[in-house]
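Encoded as structure tokens, the following chain is the form predicted alone, with no partner shown.
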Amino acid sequence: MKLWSQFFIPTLKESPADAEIASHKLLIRAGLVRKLGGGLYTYLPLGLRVMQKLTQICREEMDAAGGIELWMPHVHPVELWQQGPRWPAAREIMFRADSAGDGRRPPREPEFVLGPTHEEVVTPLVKAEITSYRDLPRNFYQIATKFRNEIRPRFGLMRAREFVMMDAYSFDADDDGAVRSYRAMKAAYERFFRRVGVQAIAVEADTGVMGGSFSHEFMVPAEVGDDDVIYNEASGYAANREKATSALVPADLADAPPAGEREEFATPGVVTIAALEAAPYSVPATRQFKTLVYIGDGRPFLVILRGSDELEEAKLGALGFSVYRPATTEEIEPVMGAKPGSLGAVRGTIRNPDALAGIFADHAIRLIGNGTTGANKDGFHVRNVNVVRDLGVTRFGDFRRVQPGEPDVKSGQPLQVRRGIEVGHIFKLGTKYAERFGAMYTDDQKQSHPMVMGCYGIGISRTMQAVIEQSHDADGIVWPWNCAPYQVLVCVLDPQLPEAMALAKKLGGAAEQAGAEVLIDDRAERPGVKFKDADLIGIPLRLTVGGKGLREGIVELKWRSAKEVSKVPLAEAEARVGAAVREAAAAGKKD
């Protein structure tokens, strides 16, 4: 057991000015972390203990799922990343790690970078060590520090520049084996989050810069989450905002025939959807075609949406461009012939159609059938534009942002939305990394094949804050049993009394014998200060020992998650404490 007076728990009465959300405020006030700089934090003793608990639970679940732990360098030769499939996109969020020596200017390109993940390191390792199908499958993992050059670090550990993550990498001989590995890891994640006492929902997710066949994010519901979860409880459908789809466009929808000849009309000063909705034009947003210009791998391309819809930019990843971004006005006008606000994709109106890498339309524009769009002449639009007759669509796809209330693809019932914090992500990568790095194996017929990979990450430091965000009240943190820094806090109200300290240590010993970790608050502070700190740091079970209680022959027992205080006779105190600890530990094992 640990004495508070000999430990280091610097609690604060007030929240720091730059802490925006409850969990960030409580991380600081409860003495778990201290800020070093933007997105950089020192883990103080209580915070480190929580991190160690989370790490150990994660390690146990990874081992149980067949994972093999290793440790890889954080500093990576940049040529490994240049050889891999995601350097152009990933480098934008990476730190370079060149010499800081005086007088030496860094080269134009970095020599080394700090790793945000380790696909580019583990794949060459496996290539060199595994060559036969007999050595597959394998799943390697590590729990280590990662680095991400966040432009706007915020929300404490939620969006930090340095963070702790478990990252794992599976290697299989075929696709069926890769799916089995993926499912085993998904189940391990579900067990991990249950054990640490946090509600995490597995949602379909975009593969993003990682690429691959499919992926799932594990999201902790929270009002301050960094992403939206689109879901329907009845059907079980759940996806993040970037991946979500709906049944807004019926599968059997027939293409609308032309409603009349195209007609160009003047719209001076009208450069927004809302302006075209207003009188005298009165064109509903649901009847307008919105044309966006993007640059993909150096070439412009168009995206067509309904005027009432918003682009979900991550869905453009399905188009196959390594890097894409919105085009500037200077890039748009030479291709389209007009400035933004008067753009369209009607055949024959684009100034330089050969410059385009494609015209990509969201399926929902088929609900318009015939509508209004820009004429590619400043101050003009065109009405009676028919999707099939007039728009030279290269490919239809799902590019719009799903809205709550739209029909679920599984049940047809309305979709709902809630905010969530991403705490884990799993990907079925396929063979893209193995092919790039030559990670091949030989089968029983002496034939060579690329290994099929998966990659998996759990944000350990982010999970710590997510637990706090999901489990707190107005007074402080309410730690779940398994990840609490200590499980039992003994508050000694009169530490100057030898008999009070003797009883506190006796009760602490009973709790330890039952399996709990114990902190004794032996500070010479007022009871109100001790109780406020106890609620703030959130240890699950509090025992209160004082001179008055000794005279009355009782000890107070209170769970942090409950309001009730039990007065336990001294003769029963050790047995009651041991039973309470064993019951809480057993409940934690079931979670």
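Throughout, we count residues from 1 along the sequence that is shown. Quick caveat: nothing in here was measured; it's all calculated off a predicted structure.
Heads up, the form predicted in complex with the RNA isn't pictured, but that's what we're talking about next.
Does D172 reach the RNA in the model of the complex, with heavy atoms at most 4.5 Å apart? No, D172 stays farther than 4.5 Å from the RNA in the model of the complex.
Partner contact for G374 in the model of the complex: the RNA, 4.5 angstroms, heavy atom: No, G374 is distant from the partner.
W559 versus the RNA, in the model of the complex: is there a non-hydrogen atom within 4.5 Å? W559 lies outside the contact set for the RNA.
Should P485 be classed as touching the RNA in the model of the complex when contacts are defined as heavy atoms within 4.5 Å? Result no; P485 lies far from the RNA in the model of the complex.
Using a 4.5 Å heavy atom cut-off, indicate which stretch of 69-77, 387-395, 230-238, 144-152 touches the RNA in the model of the complex. Partner-contacting stretch among the options: 144-152.
Counting only non-hydrogen atoms and a 4.5 Å threshold, tell me whether R159, E422 and R542 all contact the RNA in the model of the complex. Verified in the model of the complex; spot residues all in contact, yes.
Interface residue in the model of the complex among V283, L493, I304, L316, criterion: non-hydrogen atom within 4.5 angstroms of the RNA: By the 4.5 Å criterion, the partner-contacting residue is L493.
Only one of E242, D362, E469, E120 comes within 4.5 Å of the RNA in the model of the complex by heavy atoms, so just point that one out. Only one option qualifies, and that one is E242.
Quick one: which residues from 18-41 get a non-hydrogen atom within 4.5 Å of the RNA in the model of the complex? Heavy-atom contacts within 4.5 Å come from D18, E20, R29, K35, G37, G38.
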